[in-house]
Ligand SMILES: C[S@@+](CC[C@H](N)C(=O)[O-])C[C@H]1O[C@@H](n2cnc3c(N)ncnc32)[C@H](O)[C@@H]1O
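One chain is shown next in structure tokens, namely the form predicted on its own.
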């Protein structure tokens, strides 16, 4: 199976080679129940569902959690892409199409649901601040997590701790973005380092960007 990460003419944090590197992790572990923290414009969500559908048919699930334009509890050290504030594109055609023709906010819940409509029965999108809502989501069946939500130390640590409660000792995968030098964010790395040290979890660094934790 040829893996090719598609942009779907939308914004994504996994540009260039990074999307294909992400898909290689899915190919290695072949998860059936996937959790993404930080859906952004839904590109990784759609690519994930496309791939899981190819290998599992209709027998997979995807949960995506994001603010989707809502409010967050903790603003300390959070890093919000400028795109979310003004939805400006370097491509003028995209700018005209999304901002003036269809007038669609790509980070909105409605826009993400539209992109994932093909997999409506397999997907669940949850709007809210993970500091508040993650503890109330049933993660018992999750076997692969892509963590790329809030980037403050407190939020990353909270997310890891809440996820780990359900995944501990189950040999599942937590793939964290922005750990290595390729997209380094200090607060993210510090939170991951402290979490893994306190729980005696080994970190594998993927392509000097992603941190992979096996629970």
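Positions refer to the first chain, counted from 1. On a predicted model such as this, the values are computed, not experimentally measured, just so you know.
Same protein, other form: the form predicted in complex with the ligand, not shown, and the subject of what follows.
Engineer: Given that the partner is absent here, does residue 87 sit within 4.5 Å of the ligand in the predicted bound form, heavy atoms only?
Structural biologist: No, residue 87 sits far enough from the ligand in the predicted bound form that none of its heavy atoms falls within 4.5 Å.
Engineer: Against the ligand in the predicted bound form, would residue 146 count as a contact residue? Criterion: heavy atoms within 4.5 Å.
Structural biologist: Yes, contact at 4.5 Å.
Engineer: Using a 4.5 Å heavy atom cut-off, state whether residue 63 contacts the ligand in the predicted bound form.
Structural biologist: Residue 63: no, not in contact with the ligand in the predicted bound form.
Engineer: Does any heavy atom of residue 107 come within 4.5 Å of a heavy atom of the ligand in the predicted bound form?
Structural biologist: Residue-level check for residue 107: yes, a contact with the ligand.
Engineer: Please determine, with the chain shown alone, which of 31-39, 186-194, 167-175, 52-60 has non-hydrogen atoms within 4.5 Å of the ligand in the predicted bound form.
Structural biologist: Heavy-atom contact with the partner occurs in 31-39.
Engineer: So which residues in 169-198, when you check the ligand in the predicted bound form, have a heavy atom no farther than 4.5 Å from it?
Structural biologist: Counting only heavy atoms within 4.5 Å of the ligand in the predicted bound form, no residue of 169-198 makes contact.
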